[in-house]
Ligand SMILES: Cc1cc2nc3c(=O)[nH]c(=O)nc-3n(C[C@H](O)[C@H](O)[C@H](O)COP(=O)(O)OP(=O)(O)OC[C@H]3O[C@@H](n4cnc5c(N)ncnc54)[C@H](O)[C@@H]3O)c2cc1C
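One chain is shown next in structure tokens, namely the form predicted on its own.
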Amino acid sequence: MKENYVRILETDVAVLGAGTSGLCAAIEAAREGMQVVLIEGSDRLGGIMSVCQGMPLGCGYPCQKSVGGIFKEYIDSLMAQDPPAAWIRLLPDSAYGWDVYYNQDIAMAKFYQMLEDAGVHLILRAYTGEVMMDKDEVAGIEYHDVLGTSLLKAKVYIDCTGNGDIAARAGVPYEVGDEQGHMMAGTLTFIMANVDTDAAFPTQDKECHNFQADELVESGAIPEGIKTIYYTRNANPGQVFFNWAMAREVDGLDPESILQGSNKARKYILALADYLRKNVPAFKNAYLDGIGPLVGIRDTRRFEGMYYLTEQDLMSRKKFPGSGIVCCDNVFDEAGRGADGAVTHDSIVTVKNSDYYQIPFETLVPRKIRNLMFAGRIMSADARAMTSSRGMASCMIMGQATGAASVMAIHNHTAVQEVSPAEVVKKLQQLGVAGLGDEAL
């Protein structure tokens, strides 16, 4: 620990990472009267929502009903704009179900407003560093910005960093990737504008379209494994969104690997854009209008929690009446693990929209560290279960649950492991989260 810090901040709740889970954790804790500091390493909120322009917000409508809570509040407020800034759609592939696409600028502005209204102290462009431990508690976290090194001290810490940087430095055991250590491929998203969207969606469905780019594979411009081109309608007129440019064997914990994968994917995008303009009439006058800065990372660390969610839990649509904090029916969304890994979207339920599983609160709580929780794709789950439960809507409710639980731990002067899961469920139900306890969705 340094003797001289630029500043020392003391707060009730520290949330690290301002993706969808971190935003909701911070907002919930602050709304309940806590002093909250939210630290984000980048210069923007939203995580994948802002980095991957056009990424739809999925997993919020199991059985075609909203999961509720902050997710519903947020989407309802965007749809209530004049003109609307968000739209709910049903994708044609029955494995996907409903999702939300939105005007990105308005969606991010709404999050800023929610943080301001709740009184959250937001710090951007600040990177977390050393985690100081005092026996089985986090005593403080160093963070670094252009001013130098500062110290953040809190009563409860919530790790929403995506890679679980805080939990890892605090010593929480974790797994990486699947049984062989393979992580899913990264994908660089992009948007094409000035598209004839009526012609771009030639099938009965008007939201998404697939086609095979065999010519690009034969020319060597793209690899065989990504020759199926997939795009969807974007929020702005004349735009389509591509979640396609996949780079395999990217180590999401290695910045150089991420950069190398991004450079590969960027070349694929340029080749595809040129091909579309020359060969597909709908794209004759189109142009690139927004490539993500780096490939999106789907999975890295998953931490040991008080409960370990498994593929079998999901397949059996397991319910946790006394501790389930979010319900979900998302597909097992595997994206190219290893050099030759398949891209699969396997449905959880036999008949789509007929049932769902629940994620228990204990997947967000480490076994030993008394004042630390985590939320998002770093939850305690096996690799296969994580591919379904990592959807942004699920992460939003996970974050809201940890925010509510942090308040309980502080008010009751208890460790987070001693917070009653049933009380967390009860609180979330009061906040409008649906499909919890014994109440059917």
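Heads up: residue numbers just count along the shown sequence, starting at 1. Owing to the predicted nature of the structure, the values given are computational and were not obtained by experimental measurement.
Separately, the form predicted in complex with the ligand exists; it is not shown, and the next lines address it.
Contact check at 4.5 Å (heavy atoms) against the ligand in the predicted bound form: none of 70, 359 and 364 pass. Residues with any non-hydrogen atom within 4.5 angstroms of the ligand in the predicted bound form fall in just one of 429-437, 5-13, 416-424, 19-27: 19-27. Residue contact check for residue 403: none of its heavy atoms lie within 4.5 Å of the ligand in the predicted bound form. Proximity of residue 161 to the ligand in the predicted bound form falls within the 4.5 Å heavy atom cutoff.
Although the partner is absent here, residue 140 sits far enough away that none of its heavy atoms falls within 4.5 Å of the ligand in the predicted bound form. For residue 395, a non-hydrogen atom is located within 4.5 Å of the ligand in the predicted bound form, even though that partner is not displayed.
Only one of 34, 39, 372, 385 lies close to the ligand in the predicted bound form, with a heavy atom inside 4.5 Å, and it is 39.
Checked against the ligand in the predicted bound form, the residues 177, 296, 341, 97 give one hit for a heavy atom within 4.5 Å, which is 296. Contacts between stretch 122-138 and the ligand, counted in the predicted bound form as any heavy atom lying within 4.5 Å, involve 126, 127, 128, listed in sequence order.
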